[in-house]
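As a starting point, one isolated chain is supplied in structure tokens, in the form predicted alone.
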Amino acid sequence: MSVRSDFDPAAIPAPARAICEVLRADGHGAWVVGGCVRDHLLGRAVSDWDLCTSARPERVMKLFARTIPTGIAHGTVTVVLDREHFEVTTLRGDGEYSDGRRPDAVRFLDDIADDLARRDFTVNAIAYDPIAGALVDPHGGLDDLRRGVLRAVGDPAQRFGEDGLRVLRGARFTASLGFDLDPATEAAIPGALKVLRRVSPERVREEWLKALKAPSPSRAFDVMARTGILGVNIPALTAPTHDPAAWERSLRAVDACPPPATSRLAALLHTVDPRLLEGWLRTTKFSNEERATVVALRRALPLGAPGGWSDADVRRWLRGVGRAAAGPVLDVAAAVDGEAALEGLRARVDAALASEVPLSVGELAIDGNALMSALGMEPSRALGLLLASLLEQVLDDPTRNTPEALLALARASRSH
């Protein structure tokens, strides 16, 4: 694991450093902390720079002209400087976590080490003082970064018992960071599953989507399977995990499938009954679009033996899945069964798409109004059936898609 030997203060955005300078000038400590420090030390792009301070939230709001009380009850104020937003959180210690997600109350602290002691994993419990140029790492997070190990801060059972989401984050971090889970940390996960059950479906969805965006999502889902997280998150998937060969195939498929996350999710869950899958996606608060996409991809599998398909079969398959979904369906099918199993279908689909063959009655070279005018028909079910029949004939032979040819076919059909 390539890890920086020091923290480059120039990486911190100028407004974030300015916030720290204002806080220090007012007599308070100020640090960048958590994921931004971790990612910078790993040489990864940092999306958000989070700050912490010994200043109380009310003082932070007085020191800066533009602030938003984002989570002031828990010490978080968003400071807006140079049109950029930075979360500034007062050092804190947490009380009881009766809901298994958020502390019932917090107490504000003055010592950065005390604040870091309540964080989830050592690699997220590192702070940097940009004014003093000092890294604060009381739990060996830098060494864990170098070793590529994800380890809970302090007692893992206590950390997981406080917040059920942490076990899911731990699984996800193994994929997004490419780290191995510390054995003692992993051993504490099964005992915290009852707390995981209290986590909202929305947060479960968020962690799953983040895991699916990782270079190798299988790392996260393998952890979830062997620690029991899957049994809590998606019971419908527990049966396949009892078949080691089938589960390994699912893990290979999710890694082999290219993004987006919906395609990868369909590849991972390709053994789950579509009805159960749709119910789980709904319960877990996936969006309507996400749910429809994943279920459609799942229902399109397996493809069968496309090597024996005629060109008309390929066009009818395209009509069924739709132009936009054709590529993702082939990606998922190739991830599950291998590209060779497609038997050249991808090239044939590309050729059909390039030919712009009609896939719906609305794309025919003649419409219902023209047929009614030419044949003296009224709007009716018979008109719809006639258009559908014309589409079938065009799928058999796309050269028929001209107004003249379609009208001739329609007249012939009406004469019988």
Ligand code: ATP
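Just count from 1 along the sequence shown to find any residue number. Predicted model only: the values in this text are computed from it and were never measured.
Separately, the form predicted together with the named molecule exists; it is not shown, and the next lines address it.
Among residues of the shown chain, Arg151 is not one whose heavy atoms approach the named molecule to within 4.5 Å in the predicted bound form. At a distance threshold of 4.5 angstroms between non-hydrogen atoms, Arg264 is out of contact with the named molecule in the predicted bound form. In the predicted bound form, the named molecule sits within 4.5 Å of a heavy atom belonging to Leu165.
At least one heavy atom of Gly34 is located within 4.5 Å of the named molecule in the predicted bound form.
The candidate site formed by Arg38, Arg118 and Lys210 is fully in contact with the named molecule in the predicted bound form, as each residue has a non-hydrogen atom within 4.5 angstroms of it. Checking Arg291, Arg169, His139, Arg219 for any heavy atom within 4.5 Å of the named molecule in the predicted bound form turns up a single hit: Arg169. Only one of the listed residues (Asn124, Thr90, Thr185, Thr227) places a non-hydrogen atom within 4.5 angstroms of the named molecule in the predicted bound form, and that residue is Asn124.
Considering the named molecule in the predicted bound form, the lone stretch of 278-286, 141-149, 265-273, 171-179 in range is 171-179 [heavy atom distance within 4.5 Å].
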